[in-house]
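The chain below stands alone and is given in structure tokens; this is the form predicted alone.
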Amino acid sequence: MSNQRSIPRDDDLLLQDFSRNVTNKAWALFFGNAAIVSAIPLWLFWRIHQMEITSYFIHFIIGTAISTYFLNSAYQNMKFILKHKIAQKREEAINREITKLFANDKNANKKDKDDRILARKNEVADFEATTFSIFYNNAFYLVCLIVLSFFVFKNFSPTVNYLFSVGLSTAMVFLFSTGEK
């Protein structure tokens, strides 16, 4: 009876590893990073473009909220794409690592070893995909924001500059995160 019950649970764990859904911990990490990175333009436009926070409060709140939502989604999209690629690239090294651990253990069977390899591979791929997704999307967003703000929309009013710079930067990051390659 317990064996029948463990098989669907194992399948659920495997499906969870390859689904687009992220854990609550990863979602909180993504949301926190997205909120911080989305708030960076506030300082840029307040101090450099001389936009008063009190006068443009609504613009800043709306721009930051929309940017946070789409950056969070971009992190999740990029993580999903990268996780499988990283898992394939790290498979051989993790195989060697786990094989060394099980080399001295004569009581371990092949199923335990394979389960350990799969769990470790998913753990490493998840961690690396999460960190690279945050790094890549943040760097891309901030470069787009600076280029748009200081070069493309520099002659526009500060309000238009803020709305278009933040909006287009967020849209480009989200758009590129939905690609498969």
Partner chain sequence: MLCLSSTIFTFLALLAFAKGENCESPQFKITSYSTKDARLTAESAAQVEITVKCKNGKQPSTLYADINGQVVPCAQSAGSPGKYYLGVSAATHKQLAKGRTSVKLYDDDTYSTLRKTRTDDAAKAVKPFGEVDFYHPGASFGPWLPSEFIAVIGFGLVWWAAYRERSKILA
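Numbering follows the first chain given and starts at 1. Here the structure is a predicted model, which means the values were calculated and not measured.
Beyond the structure shown, there is the form predicted in complex with its partner chain, which is absent from this document and is the topic of what follows.
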> Exactly one stretch in 128-136, 109-117, 25-33, 65-73 has heavy atoms within 4.5 Å of its partner chain in the predicted bound form; which is it?
Replying inline: 128-136
> Does the 4.5 Å heavy atom contact test between V143 and its partner chain in the predicted bound form come out positive?
Replying inline: yes
> Even though its partner chain is not shown here, does L101 get within 4.5 Å of it in the predicted bound form, heavy atoms only?
Replying inline: no
> Taking heavy atoms only, is I94 within 4.5 angstroms of its partner chain in the predicted bound form?
Replying inline: no
> Does the 4.5 Å heavy atom contact test between W46 and its partner chain in the predicted bound form come out positive?
Replying inline: no
> Taking its partner chain in the predicted bound form, which residues along 67-83 bring a heavy atom to within 4.5 Å of it?
Replying inline: M78, I81, L82
